[in-house]
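Next up is one chain by itself, shown in structure tokens, the form predicted on its own.
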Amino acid sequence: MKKLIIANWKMNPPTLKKAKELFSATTNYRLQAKNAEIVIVPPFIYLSELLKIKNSPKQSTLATGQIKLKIGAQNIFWATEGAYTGEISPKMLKDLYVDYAIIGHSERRKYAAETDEMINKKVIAALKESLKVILCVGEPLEIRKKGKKAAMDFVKNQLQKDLKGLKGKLLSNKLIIAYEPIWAIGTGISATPETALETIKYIKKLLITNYQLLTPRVLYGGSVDSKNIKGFLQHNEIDGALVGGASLNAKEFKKIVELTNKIN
């Protein structure tokens, strides 16, 4: 299975012009997608315009075998429609032909006070609309300092709450977990490949045992760049990466994709 590389632009760039420039610079290089699937996740306000570029004749005439680009959203709401000012529903995203949605990112949990109960409702709503869900889980520094067991228990508890009432067929091929240790996000400090691998193996075991997922996909996210990406993705169990700041530099992101393609 190809590695999944997700570019989370977060609240960047500041203008549509710059968003188009970054999107074009990111997607206009000619790379064979030997080992990589690419998902670009811009702010909501840019989705329509970037999808127009993606679906333009120029983009669609790229040679067979090159990067098959997908577009994702950074968040969703759990209702289909209604009096929910400022929110975006999964149905609206599907109508735009958006493929993926990030749910439960640590920044949403921190700055928007999202609870596991809210995240669970969002996951259920997204899956019902056949969106592919990138569910983010991961422990803060104070938990990691308590040791490996405390960190594993924290992640297990998140999964139990975020996936409450879900298992098997509904999750199959639609759920992707991004393990993002909070202490390694935006800090310039990355977890070691060994630490990430150990936790990701644990997450996969939980998904297989408790949620009947036969081939779960789990990514690593946390200060990923071209200097450390190979150390993570050389492990078969790590199915890709959720890339933040490095995805805002087209040349740096290109290096990440190139290095991913070189992994056997």
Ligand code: 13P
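One-based numbering along the sequence shown. Predicted model only: the values in this text are computed from it and were never measured.
As for the form predicted in complex with 1,3-dihydroxyacetonephosphate (13P), it is not shown, yet the points below apply to it.
Contact between E107 and 1,3-dihydroxyacetonephosphate (13P) in the predicted complex is found at the 4.5 Å heavy atom cutoff. Contact annotation: S223 falls within 4.5 Å of 1,3-dihydroxyacetonephosphate (13P) in the predicted complex, judged by heavy atom distances. Within 4.5 Å of any heavy atom of 1,3-dihydroxyacetonephosphate (13P) in the predicted complex lies no heavy atom of K255.
For the chain shown alone, I76 is not a contact residue for 1,3-dihydroxyacetonephosphate (13P) in the predicted complex, no non-hydrogen atom being within 4.5 angstroms. In summary, the region of this chain contacting 1,3-dihydroxyacetonephosphate (13P) in the predicted complex, judged by heavy atoms within 4.5 Å and restricted to 142-150, 115-123, 159-167, 182-190, corresponds to 182-190. By the 4.5 Å heavy atom rule, the three marked residues N8, L242 and G245 all count as contacting 1,3-dihydroxyacetonephosphate (13P) in the predicted complex.
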